[in-house]
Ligand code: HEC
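In structure tokens, one chain follows: the form predicted on its own.
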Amino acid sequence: MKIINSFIFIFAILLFISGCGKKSEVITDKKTDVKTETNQTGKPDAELIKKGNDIFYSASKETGLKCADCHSDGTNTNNIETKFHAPVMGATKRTSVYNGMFKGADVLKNACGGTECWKTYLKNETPLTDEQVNALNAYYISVSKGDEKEFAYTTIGAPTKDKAKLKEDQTKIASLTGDAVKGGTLFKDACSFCHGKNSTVKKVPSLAENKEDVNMKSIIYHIRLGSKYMPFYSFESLTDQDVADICAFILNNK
């Protein structure tokens, strides 16, 4: 009996030591069931963060676009296009993303909207895996400072394309007087990354070569609703007057 008791005692000690020796744990968000490896500080595991960084900066073979081309992580603001779209800092704390397309638990489950960008703009054939989603979430957490506020914007491009409202906007914008000079500056900032001469984005229609298809209505359509892998622009990022100015610039240079 003493031998059995001693064995049980030693086995219990070994279990205790084994538990104390773990360097990381897996935490599960009760609302999302999304798991993220964390170290002893409670921050995401470094290896998972690196995977997320690699995904964020990886160019799509189909379109040539990267997450980092449109979304700021706080280090890529040299790409002016990022000022027109939602930053990823603080994204994991948002109650909804993509103008309500993903809410509550679905925010983390969809990498804060990353799953939609992955298929719509990067045109990747294979959806993001759970591991990739967790890696992106970990990366977003790693670049967040903790003082970010909820990010909200107004758009008719998501969660569905509001074509009825688009007609109203087309009529309103057509009534405005566009400034081609200001429009040129806006075009350089918001559009030239894809539509510029030195663009690395693939399969982008040339405005110069498709003159018959370029008119005010089509320009407004693409800006407000997006098309193929062109993103939509919110009313906060480009006002109606901004769109009128861009139209003036493009139409004056057809």
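Note that residue numbering begins at 1 and tracks the sequence as displayed. Quick caveat, the model's predicted, so the values are computed rather than measured.
Omitted from view is the form predicted in complex with the named molecule, to which the following refers.
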For residue 195, is any heavy atom within 4.5 Å of the named molecule in the predicted complex, or not?
yes
Using 4.5 Å between non-hydrogen atoms, is residue 133 touching the named molecule in the predicted complex?
no
Contact between residue 106 and the named molecule in the predicted complex at 4.5 Å, heavy atoms?
no
Quick one: is residue 51 in contact with the named molecule in the predicted complex, heavy atoms, 4.5 Å cut-off?
no
Report the stretch among 160-168, 173-181, 72-80, 119-127 that approaches the named molecule in the predicted complex to within 4.5 Å, counting heavy atoms only.
119-127
Would you give me the residues of 225-247 that have any heavy atom within 4.5 Å of the named molecule in the predicted complex, in order from first to last?
227, 228, 229, 230, 231, 232, 233, 238, 246
